[in-house]
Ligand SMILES: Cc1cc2nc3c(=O)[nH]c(=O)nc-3n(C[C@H](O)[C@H](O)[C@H](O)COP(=O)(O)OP(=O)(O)OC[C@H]3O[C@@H](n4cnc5c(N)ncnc54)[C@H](O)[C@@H]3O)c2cc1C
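Next up: a single chain in structure tokens, the form predicted on its own.
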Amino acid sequence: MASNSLKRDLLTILNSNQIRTGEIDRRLYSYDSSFLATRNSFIPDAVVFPHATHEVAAILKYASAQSIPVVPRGAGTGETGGCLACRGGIVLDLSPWNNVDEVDTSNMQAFVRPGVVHARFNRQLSDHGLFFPPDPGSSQMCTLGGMIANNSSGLRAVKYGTTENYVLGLRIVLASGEVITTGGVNSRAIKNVSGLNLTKLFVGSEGTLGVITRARLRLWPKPAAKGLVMATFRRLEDAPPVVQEVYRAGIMPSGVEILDGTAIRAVNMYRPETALPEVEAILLFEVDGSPPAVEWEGHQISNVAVKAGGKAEWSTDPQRMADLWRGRSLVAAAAARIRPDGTRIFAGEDISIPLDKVAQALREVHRLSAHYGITVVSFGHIGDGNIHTAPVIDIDSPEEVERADALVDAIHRLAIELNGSTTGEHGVGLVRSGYAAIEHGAALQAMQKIKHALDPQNIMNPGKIWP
């Protein structure tokens, strides 16, 4: 649809300062963090900034009548092309809609708008002695609406679970423009099994079923104490079994992270003062809770690591813990340092593996790296089997890009062959939609029937999740 005529129609719904149709403005919304976005140009016909649910409803009612695609977008930090207008249409930029409407401390919940940034939300909750447990690596940028749409998780999902565990209800605008509230229209109950669980249906739907305009989120009390164990291993294979031994000891850390040898080298090259031990694997175990429990669990984890042939450092010092976590948090940015002419690409970056096959998966990724001649930095949330692989390539070499594509496909297929998934927390988007049939089988048809029932015109973020 021509941008001028589309703008004219949208001006009947929104003010002029809520609409962008200029080419530069539209191009600014043609990318996210995915490697796919660097090689394609997905330019929307218009970008709009709704400030209220009734505005979103009017936009969707209009778009449905005109069969115009609508793509909800938060901060654009995704890595799968999920917020890209691959078929043109209207991008709804919800990031400026960043009100925390209410923190209900008595009922341990909050009411928020989709554009609230995760880190800002937790800073505000800290004043109430509460926190929102999901903890993605993009906390300083990502929005709560985007987290809900992708069912994000992050560093502490091993103990606290994913975003879906904390969404009590949603205000949703359907493709028709109809507005519904899931979880109970006026409910503030934490437990609710009344009716079909529509809230869970929309969490992780990546904007394909409707637009989130408000969320009711469950909160937890901040733990009184934290501690961190850094366990180092000369052999990569020795690290994953230690995680299972910790679980067998009856300990559930709040987070368990792994860095392989390439990740360690990358961090030390990027920030030498971090001075991580040059070994094949590092495990970071965070524990939280009451001070006595934290001390006991930290020493028990250290003993398990040492018995397995590793070395362990235990600390409850906030500065030391921050230094160690900084090393983990730098990996994504540091990966490219492994190769002077290299660029880290976000592709094949989020496989999820059964716990008893993590070591096998890591070794196989190393083998695939050698086979395709592509350096891969591996790290991630080993506590729940969510491994991040970061290929580093010369993006100006067509031949190398082709090999990288083959490597990424092999990594995705490896995850499925090991009874895992192509994605643990980043979502499907455009880049992984081709694996939907082999991951889900006949269940894919059921998903598509739900999609058709709620969005018969297929205007809501078309092209995502399903091939």
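Numbers for residues come from their place in the sequence shown, where the first is 1. A quick note: this is a predicted structure, and the numbers were derived from the prediction, not measured.
Form predicted together with the named molecule: not shown, discussed below.
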Review point. Since the chain is shown here on its own, which stretch among 368-376, 305-313, 73-81, 228-236 would lie within 4.5 Å of the named molecule in the model of the complex, judged by heavy atoms?
Key: 73-81
Revision key, fill the gap. With the partner omitted here, the residue among Leu94, Val287, Ile282, Ala335 that in the model of the complex has a heavy atom within 4.5 Å of the named molecule is Leu94
Review point. Among Ile351, Ile301, Ala263, Ile212, which has at least one heavy atom within 4.5 Å of the named molecule in the model of the complex?
Key: Ile212
**Study point:** Close approach of Arg216 to the named molecule in the model of the complex, 4.5 Å, heavy atom
**Key:** no
Point to revise | in the model of the complex, Cys142 touching the named molecule (heavy atom, 4.5 Å) | key: yes
Review point. Hey, in the model of the complex, does Gln66 get a heavy atom within 4.5 angstroms of the named molecule?
Key: no
Review point. Can Phe346 be called a contact residue for the named molecule in the model of the complex at 4.5 Å between heavy atoms?
Key: yes
Study note, to complete from the structure: Looking in the model of the complex, the residues of 31-57 with a heavy atom no more than 4.5 Å from the named molecule, listed in order, are Ser33
